[in-house]
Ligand SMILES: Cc1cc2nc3c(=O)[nH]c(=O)nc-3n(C[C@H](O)[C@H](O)[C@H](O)COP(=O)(O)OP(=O)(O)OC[C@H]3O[C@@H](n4cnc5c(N)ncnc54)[C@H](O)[C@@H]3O)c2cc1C
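Below, in C-alpha cells: the form predicted alone, a single chain.
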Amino acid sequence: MDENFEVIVVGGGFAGVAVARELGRKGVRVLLIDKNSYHQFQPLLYQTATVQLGVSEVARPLRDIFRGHQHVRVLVSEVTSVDTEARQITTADGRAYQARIVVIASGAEANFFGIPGAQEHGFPLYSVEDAVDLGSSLVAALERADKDDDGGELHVVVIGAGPTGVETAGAVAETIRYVLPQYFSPELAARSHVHLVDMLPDVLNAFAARSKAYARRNLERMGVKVKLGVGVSEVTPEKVVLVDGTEIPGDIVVWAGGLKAGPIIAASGLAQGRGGRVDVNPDLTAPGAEGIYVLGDAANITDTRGTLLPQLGSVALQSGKWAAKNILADLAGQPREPFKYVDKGYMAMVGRGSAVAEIGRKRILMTGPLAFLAWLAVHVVLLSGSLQKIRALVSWPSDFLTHRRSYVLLPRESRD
C-alpha cells in the first residue's frame, strides 16, 4: 500500500466521510481508517432494530462510497493509538501510518454513567451491531413470551427520552400495536408494554414546549408508559430500579441515556471536556496539537456565538466539510476560518405517521403528518447512496400500509 499520505482520517462516519470526500475531490492524498468496512446511518438504526429497515438500507460499504476517488484509500483496521505530536496512527496489527495532518472523527460510545448493571444488561443503539443485537433479542423475547403458557407479560424499557429514545419507544410501541396481532396474536400484543424513563422532566429536552407536549401525547396514545423526572439507579436482568425506589419490569432494556467519546480520544493525550470529547478550537483543530483536527461525536463544537452544538449528524457532516476547507488552507499555507454552522433545526419521529420538526434557526414548528413527510424527505436526502435511498423508499410505504416485516435478524449469543 502507498503510505505517502497527506491526511489521515480516523473514522468513517458522517464527519470522516465528508472530510475525506472533499479532500479527495481536490486531489489530496487521504487514508481513511475505520474498524468497519461500511458507513452507517445512525439516525435510522432504531428502524433496523424494529425490523422496519434492513442492514443494507442503513449501511453502505466505504469502498463503494469512494469508488472512483483515486486519491482516497480505505483501510479497514482498528486504530489503537494516536500520537498527536508525531501525527502518527497505529493499528491493531502493529502498523503505523504518518501524515502531515490527522483528522480524528472516531465517533462515540454509550455512556452508562457507572450505573450498576446498565452496561451488562442494557442495549445501546449506536452501531449496526447494536441494532442487530437489540432486534434479535427483541424477536427472541417475543418468541419466548408467545410460548409462555402462563400468559406472562413482556416489558421493554427505553432509558433516555432524547430523540433516539423517543423514536425507539415509538417504533417498538408501533410494532406492538400493529405488527404483533398479525404475526403473533392480539393477546400477546395486549401483554406487551413499552416504558420510557428519563431523569429530565420532559421528552425531547432540546425541543420547544409544543413539540415536547405533542411527542409525549402521541407516545402515550400508542401505549408508552412515560416516567420522567427520576433517574435510574440500577439495571438487572429482570427490572429497572429508579432512584425513588420504583421498579419497572424489564425484559429488554434499551440504553439511550447518553454518549461519550470513544477510547481513541482518551488514549490520545488530548484534553477532554464534557462527555470525554475534545473542546476543539473554532477552526475545529485540537488545542495545543498542531495538525490535529477532531470532528463529529468525538468533539465538542461551538457555533460562532460560542454555543455548544448538539451531537447531530448535520453537525458532523458540516464540520467534516468545513475541516476539509481548512485543511486545504493548511496545505496551501493559508489561514483557517472558524466553523460556521448552518442550523437546520431538529426532527424526531414519534411513531406511525407522526413526527415533530423544528426547521431552521427560527425554529418553524411542525407536528403530525406534515412533520412526518418532512422527516421522510430529509432522511431520504441524507441516506448515503442511491441504492439505500431506493430501498428505503420501497420499505417505508410497504411498512406504513401493510405493517409487514419481511427482514430477517439472525439470533445472537445470549448476553446473560
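What you see is a predicted model, and the numbers here were worked out from it, not measured in a lab. From 1 onward, residues are counted along the sequence shown.
Beyond the structure shown, there is the form predicted together with the ligand, which is absent from this document and is the topic of what follows.
Remark: of stretches 113-121, 198-206, 99-107, 181-189, the one touching the ligand in the model of the complex is 99-107 (heavy atom within 4.5 Å). In the model of the complex, the ligand sits within 4.5 Å of a heavy atom of residue 34. Among residues of the shown chain, residue 311 is one whose heavy atoms approach the ligand to within 4.5 Å in the model of the complex. In the model of the complex, no heavy atom of residue 351 sits within 4.5 Å of the ligand.
Contact check for residue 29: no non-hydrogen atom falls within 4.5 Å of the ligand in the model of the complex.
Proximity to the ligand in the model of the complex, taken as a non-hydrogen atom within 4.5 angstroms, holds for one residue of 324, 264, 154, 280, which is 264. Scanning 268, 137, 318, 164 against the ligand in the model of the complex with a 4.5 Å heavy atom cut-off leaves one residue, 164. Along 50-78, residues 77, 78 each place a heavy atom within 4.5 Å of the ligand in the model of the complex.
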